[in-house]
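One chain comes next, on its own, written out as structure tokens in the form predicted alone.
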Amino acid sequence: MFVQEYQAKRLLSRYGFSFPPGDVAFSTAEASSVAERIAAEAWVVKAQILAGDRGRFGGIKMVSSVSAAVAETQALLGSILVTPQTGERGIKVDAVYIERSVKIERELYLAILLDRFQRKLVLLGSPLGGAGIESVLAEQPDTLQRLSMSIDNAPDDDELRRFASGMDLNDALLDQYVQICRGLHQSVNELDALSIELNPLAIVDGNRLACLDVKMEIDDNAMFRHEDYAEIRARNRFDDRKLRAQSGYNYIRLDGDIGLLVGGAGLALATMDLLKLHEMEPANFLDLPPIASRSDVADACQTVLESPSVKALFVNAVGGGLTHCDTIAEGLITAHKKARITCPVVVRFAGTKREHGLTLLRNSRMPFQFADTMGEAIEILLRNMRA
């Protein structure tokens, strides 16, 4: 689950990270209150969406009065912000973050992430940072440094200092940098985060490091340990373009028009490849786990169909594990009863309880179309899309 900037700053504030004073606003009235509460000569108004490059595409505004902060908030709230990371449809802005403007002397990049292959945490740091950092690092890859660390044990101070020595910092700033690295190691463990990115980590006020923007991804598998994440999940539930749904399936929204409900990640990828081969575009990636229940399937189906771009649904499942074909059929029927499915639905079942699942769907008198093979399913989809 990805976390919005204001949420990440709230979570990290307990670990001693330095942020400019700021708060979130969901309305112009709240924006006025936040700006008045923060003593400043200038403020920054930031659209809160789960995507980067906000500043280059109109999502970050500098203002010098409370009234200007309110006006920019009004302009941003409800607008659709489009950046290279949102896709062509963009993301609707439901909140802004208002913080005190600071004078930036230099921007750096610092991040920590989980390396699943090494089973270690990795620090990534560069003396360069700020907007367009991906392009900057692609052009100057030698500026990016890596340090692998144990997940469980605190990082070695000497190793951190050697890592920090490549950031072109004086002694006072180097000490702060090392402490920030320690804070990242502690917070990524205690918050069950998969990654935390500070960009920019800026030198401000002559001799101080401040985290001006934060991106964070939290491990969905650890949600049971964090009741305090309920509000974060609820607010991010339908805006996150890469999420693991509450019921346990993997879902990624894409820009096509063929909705996919597929059992297993490998089969899902193969299904997407087959669609692309026949010049059709998937509207999503969705991987049902082998323990999905009827309600899980129904929820997954509704999630796929919530996308307004979906013109047809392809259900491609091999019964196995604890999720047999009849369970998937029951989930489809449940989804239809909750919210009538109006688009064409093509079903291809194989594996355990295939015939029972097909019988349930046929007896439901819902407008399903059936295929024995993936090739037949593609032909049916093509006919539907041409109709």
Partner chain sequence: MGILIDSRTRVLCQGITGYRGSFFSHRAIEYGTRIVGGVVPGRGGQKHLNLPVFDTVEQAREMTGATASVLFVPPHAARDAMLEAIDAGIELVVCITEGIPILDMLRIKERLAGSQTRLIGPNCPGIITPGQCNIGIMPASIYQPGKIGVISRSGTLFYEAVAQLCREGFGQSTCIGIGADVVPGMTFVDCLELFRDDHGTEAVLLIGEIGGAAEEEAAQYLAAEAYPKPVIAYIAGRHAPPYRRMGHSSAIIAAGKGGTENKIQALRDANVIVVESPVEFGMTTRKAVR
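Take the two forms, find the largest set of C-alpha atoms that superpose within 1.5 Å, and that set is the rigid core. Being a predicted model, the structure only gives us computed values, none of them experimental. Positions refer to the first chain, counted from 1.
The form predicted together with the partner chain is left out here; the points below concern that form.
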| property | result |
| --- | --- |
| Stretch from 67 to 75, 154 to 162, 168 to 176, 113 to 121 whose residues place a heavy atom within 4.5 Å of the partner chain in the predicted complex | 113 to 121 |
| Distance check, residue 259 to the partner chain in the predicted complex, heavy atom within 4.5 Å | no |
| Contact flag, residue 13 vs the partner chain in the predicted complex, heavy atom cut 4.5 Å | no |
| Contact of residue 335 with the partner chain in the predicted complex (heavy atom, 4.5 Å) | no |
| In the predicted complex, residue 49 touching the partner chain (heavy atom, 4.5 Å) | yes |
| Contacting member of 255, 306, 94, 219, with respect to the partner chain in the predicted complex [4.5 Å, heavy atom] | 219 |
| In the predicted complex, the residue from 107, 296, 197, 99 that sits within 4.5 Å of the partner chain by heavy atoms | 197 |
| Heavy atom distance at most 4.5 Å to the partner chain in the predicted complex, all of 134, 215 and 276 | yes |
| Partner contacts for 1 to 38, taking the partner chain in the predicted complex and a 4.5 Å heavy atom cut-off | 2, 3 |
| Core superposition between the shown form and the other one, C-alpha change of residue 287 at least 2 Å | yes |
| Rigid core fit then residue 221 CA moved by 2 Å or more between the shown form and the other one | no |
| CA of residue 275, rigid core aligned, shift of 2 Å or more between the shown form and the other one | yes |
| Cα-Cα trend for residue 85 and residue 117, given that in the predicted complex the distance shifts by 3 Å or more | closer |
